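Heads up, the chain below is alone and in the form predicted on its own; it's given as structure tokens.
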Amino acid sequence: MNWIAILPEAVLALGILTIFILELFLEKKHYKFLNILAFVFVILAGYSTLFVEYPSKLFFEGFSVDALNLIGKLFILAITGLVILASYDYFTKKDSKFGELPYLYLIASLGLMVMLSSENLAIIFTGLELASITMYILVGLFRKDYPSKEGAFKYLVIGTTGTSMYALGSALVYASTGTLVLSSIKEENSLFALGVLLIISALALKVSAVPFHFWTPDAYEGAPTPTTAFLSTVPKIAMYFLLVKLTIGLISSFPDWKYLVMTIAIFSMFYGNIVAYAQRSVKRLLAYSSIAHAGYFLTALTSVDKHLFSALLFYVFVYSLATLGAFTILSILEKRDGWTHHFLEFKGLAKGSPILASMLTLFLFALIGIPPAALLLGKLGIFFGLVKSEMLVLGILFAIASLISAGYYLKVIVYMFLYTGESKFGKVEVSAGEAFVIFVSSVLVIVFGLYPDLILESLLRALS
């Protein structure tokens, strides 16, 4: 058995155990050290992917390693590492130095990485639940804060529903085909169709798609903002890599899958964008933006086409960079006493904190899709892929929804630059980790917009 194939997961697991043991003995003053150690293990896990031999199969062919899921794991590790760097000062200022926090981020990432390599519906379930249960804990980490507990409870209840749907769907697929291995599933009957329907519904819940989105605004708003940055990026990357694999190996065996996915995508795009206009909190606005983006991403899963899939995965990654940057800035602002992310608090922010306001503007422009930000190329890739797949109407709806979204992003920018307000908050303090994350996110969003082939060519080769 080729044990080198699971080297990234093994390094991450070692990091989790190491930090877990150290946290038992170290005092709170060593919280920053534990965060840096977690970041080091993320770097080592990413570096270890260079030594992985692929394609490889382990555990009775239930776990596979190929070029595509290795790229997905690198994306997951990259964003996880940045989240860890950006989080330590926030929790320090909030007097919430939870020593378990660094390894909770690592456990969630480990579950998502296992899920990506799973070729068996049961192993996918194991990885998915390892990540999900950890994220329920992360959302409710502010134990004395009611919104945090409320968001965690809603996420837990609705997430458990998704778990049940996935488990039942997998059982129905097994009952109709006699196997849980993706490569062996070839079936078209009503029992199989119902199983696929339940699996699609469960995964739509995990990516915040309508009508399974109800946990998203409360969980995003109630969670500590660095955790919101994690929730809105890392699981999204993993879920769309998984959905691409499932679309090829399972979902496309259900003849009418594209109509179901198309319906979910259209409702998500328009519901998320329209309801975002009614929000008074920028943090909650970005939660509805996430719902709208789930619709954008799902449009690319309506056809089995490697160019469409590569555009989707490129778009998800650069979206994660822009979203991470935006939430990192929100976490910096939230360190000030009394800050609630209400629109009125953003009045005149450009005057008091011009650099932060400018960087937030860059990330919001990127989310709109204004060049040279890389998200424009992701949107164009999906649009032209839809046209190529003879789904012009869906492509037009995708373009209209993107245009609708511009208004609420620009509203934030207008409040920061064109309104004046009296600042009742203290001085903005930016840690080295936060500054580094904002710098890296902004540079990569622009670099990948100018040189998209740095990622796209690798994705296309992996999908071939």
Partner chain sequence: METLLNVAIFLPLAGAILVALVRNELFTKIASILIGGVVAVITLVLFLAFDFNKPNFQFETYIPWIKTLGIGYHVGVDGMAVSLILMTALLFLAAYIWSWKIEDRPILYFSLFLALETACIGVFSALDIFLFYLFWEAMLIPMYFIIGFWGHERKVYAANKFFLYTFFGSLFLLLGIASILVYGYFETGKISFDYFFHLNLDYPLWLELIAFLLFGIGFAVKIPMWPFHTWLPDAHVEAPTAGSVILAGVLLKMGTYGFVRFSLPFFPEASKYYIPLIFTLSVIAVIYAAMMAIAQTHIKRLIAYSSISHMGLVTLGTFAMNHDALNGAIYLMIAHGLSSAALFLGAGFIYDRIHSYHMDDLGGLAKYIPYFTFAFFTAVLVGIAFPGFASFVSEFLILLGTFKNYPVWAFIAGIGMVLGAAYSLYMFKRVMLEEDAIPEERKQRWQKLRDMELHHALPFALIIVLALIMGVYPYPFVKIVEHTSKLVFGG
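Positions refer to the first chain, counted from 1. For clarity, every value in this text was computed on a predicted model and none was experimentally measured.
Same protein, other form: the form predicted in complex with the partner chain, not shown, and the subject of what follows.
Checked against the partner chain in the predicted complex, the candidates 251, 198, 130, 377 yield a single residue with a heavy atom inside 4.5 Å, and that residue is 377. Proximity to the partner chain in the predicted complex, defined as a heavy atom within 4.5 Å, singles out one entry of 31, 54, 417, 39, which is 417.
Annotated contact segment (heavy atom within 4.5 Å of the partner chain in the predicted complex): 379-387, selected among 379-387, 112-120, 77-85, 333-341. In the predicted complex, the partner chain lies farther than 4.5 Å from every heavy atom of residue 10. Contact between residue 456 and the partner chain in the predicted complex is found at the 4.5 Å heavy atom cutoff. With a 4.5 Å cutoff on heavy atoms, residue 304 does not count as touching the partner chain in the predicted complex; it lies far away. Mapping the unseen interface onto this chain, residue 21 falls outside it, with no heavy atom inside 4.5 Å of the partner chain in the predicted complex.
Although the partner chain is omitted here, in the predicted complex all of 351, 370 and 449 have a heavy atom within 4.5 Å of it.
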